[in-house]
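So this first bit is one chain, no partners, the form predicted on its own, shown in structure tokens.
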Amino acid sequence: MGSDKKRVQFRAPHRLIDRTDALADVLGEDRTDILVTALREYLQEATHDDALIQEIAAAYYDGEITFEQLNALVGAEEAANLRVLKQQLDEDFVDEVADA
């Protein structure tokens, strides 16, 4: 295992793992390759879902995730845009409170 990989452990339904193993046999790959591919494709698709991006942004604005986590989820450019927006929102809030 290369140093850029992280070992994880999780529980999954037997049927799902059986299907994964069957597909791995058909493709001549191992279970890990199938799961990594499925996870990669899910994350790629999920981060192009506007509703999910809004949830990710909200989590970042609320301090539930770090900028590094945001960057990993939406990419550098989108993360930078959301960071600037967060700073602007914070500045607007401060100005609004100061004017009140």
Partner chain sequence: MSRLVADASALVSLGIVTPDDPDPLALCLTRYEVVVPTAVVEELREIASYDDVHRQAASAVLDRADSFTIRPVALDAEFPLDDGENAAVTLANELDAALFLCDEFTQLGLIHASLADTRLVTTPTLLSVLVRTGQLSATDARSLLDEISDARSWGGNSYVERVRSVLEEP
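Numbering follows the first chain given and starts at 1. For clarity, every value in this text was computed on a predicted model and none was experimentally measured.
The protein also exists as the form predicted in complex with its partner chain; that form is not presented, and the subsequent description refers to it.
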* Give a yes or no for A58: in the model of the complex, does one of its heavy atoms lie within 4.5 Å of a heavy atom belonging to its partner chain? => yes
* Any non-hydrogen atom of V8 within 4.5 angstroms of its partner chain in the model of the complex -> no
* Check whether L85 has any heavy atom within 4.5 Å of a heavy atom of its partner chain in the model of the complex, and answer yes or no. => yes
* To do: Give a yes or no for A12: in the model of the complex, does one of its heavy atoms lie within 4.5 Å of a heavy atom belonging to its partner chain?
  => no
* Should the three residues L16, D21 and L27 be counted as contacting its partner chain in the model of the complex, with contact defined as a heavy atom within 4.5 Å for each? -> no
* Identify, from the list D62, E68, E41, D49, the residue with a heavy atom within 4.5 Å of its partner chain in the model of the complex. => D62
* **Any residue of 8-41 that, in the model of the complex, places a heavy atom within 4.5 Å of its partner chain** => none
